[in-house]
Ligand code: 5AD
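As a starting point, one isolated chain is supplied in structure tokens, in the form predicted alone.
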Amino acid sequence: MKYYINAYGCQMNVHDAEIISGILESEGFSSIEDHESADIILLVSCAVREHAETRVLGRLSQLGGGWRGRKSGKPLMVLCGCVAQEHGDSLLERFRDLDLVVGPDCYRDLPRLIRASERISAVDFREGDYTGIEPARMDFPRAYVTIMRGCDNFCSYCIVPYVRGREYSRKNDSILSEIERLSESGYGEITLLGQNVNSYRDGETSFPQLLRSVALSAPGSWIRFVTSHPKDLGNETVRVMASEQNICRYFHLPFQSGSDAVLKMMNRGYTAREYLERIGMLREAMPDIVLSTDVIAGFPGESEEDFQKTVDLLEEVRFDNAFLFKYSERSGTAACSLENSIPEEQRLARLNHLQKLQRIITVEESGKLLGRILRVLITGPAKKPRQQASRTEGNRMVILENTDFSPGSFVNVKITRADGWTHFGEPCGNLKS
């Protein structure tokens, strides 16, 4: 049977799609890129924000309700991931063309459920991971490796603990075996994934210890990790990053709000001052580090003064890049019961203010790279003909014109132009084939 799969949302969902594909292909299913020829259509959904949920459900309606081309009838429709976990059986009632609803812990059951051809939801929480499954990698030379699943933080706005379950760390030796295989296969970049990687622990092995072992296991690959929680970022992680040359000098550290009052309502577990201390620690150890963050505009009860503190922090740190969102109610989270909801129009106005400010900062910081020579990893073709895409150690996109390097090659490039987060460069020599 032929299947088509599409993932929405974060890197964890992208990698879950690779895991699902690995499970299906080990059972004789084959992947295709044309959904109109598929026997099975699988959508891997994200529920973190309302917009992401709306997108995937809209796509489900479009695919499920609009196509009847094959003689054998419509394809089997499967919704996987966080939206599936959040709504369960109710999705089968809402969408008559939906056949299966499968949560993040139940992917091993997919071949059996598909063959059974019954309309059912499988959304049990199960302790464990997908060790032993060989993911069907989709993005050579970049690979994801899940080191932990779930979250115990219960930030008041976040649905993740309710749809991904409680924290569960994968075994250290299993992670290192996967890392070594990827490095030997030529993957130039390996990203460790977890809802909160800082909380990783396997027996006596902490995240900093795992991070060092991973770096030593794949000396020819760049190592990244997401996502980190400010309250759990310690000196040892920073020391490991600074001491191991193949750990990328890039750090994504969400601050969400610059107001201590809002941070307390968010249940984030740190103050703005403590957050800035961690930024200082990172920059002192690695002056050239590239920083990105997440920010929420219009959280319930956020005053104009609270919002200004967020603006001030954004201006003080001058992040190289930022992911900015208006507050989105998620049913079942503690924030939904908070008073003083911010009107939608005001949320959008504050978001727009942050976006304009960050655009200026990103352009200014990117402009400082003009004329510099940076090492990049060739990732594949760019969107336009005769262009190749690459990434710097700081995760900046660099476009090369009229080049033909093999994906997975490391190349020195001189930055000739910057357009916000996207840059353009000219090769200065191949470092690795």
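Just count from 1 along the sequence shown to find any residue number. Please read these numbers as outputs of a predicted model, since none were measured by experiment.
One more form of this protein exists, namely the form predicted in complex with this ligand; it is left out here, but the text below deals with it.
**Q** When this ligand is placed as it is in the predicted complex, are V48, Y157 and F325 each within 4.5 Å of it, taking any non-hydrogen atom of the residue?
**A** Yes, the whole candidate spot contacts this ligand.
**Q** Since only the chain is shown here, I'm wondering whether D294 would be in contact with this ligand in the predicted complex (any heavy atom pair within 4.5 Å).
**A** Because a heavy atom of D294 falls inside 4.5 Å of this ligand in the predicted complex, the answer is yes.
**Q** Heavy atoms within 4.5 Å of this ligand in the predicted complex: does R212 have any?
**A** Flag for R212 set to no.
**Q** Please tell me whether any heavy atom belonging to P254 falls inside 4.5 Å of a heavy atom of this ligand, as the geometry stands in the predicted complex.
**A** Yes, P254 lies within 4.5 Å of this ligand in the predicted complex.
**Q** Evaluate K309 for contact with this ligand in the predicted complex, applying a 4.5 angstroms cut-off between non-hydrogen atoms, and reply yes or no.
**A** Judged by the heavy-atom cut-off of 4.5 Å, K309 is well away from this ligand in the predicted complex.
**Q** Which listed residue (R170, R142, R330, H87) meets the criterion of a heavy atom within 4.5 Å of this ligand in the predicted complex?
**A** Only one option qualifies, and that one is R330.
**Q** Go through 280-288, 177-185, 294-302, 105-113 and give me the stretch that gets within 4.5 Å of this ligand in the predicted complex, heavy atoms only.
**A** Selected range: 294-302.
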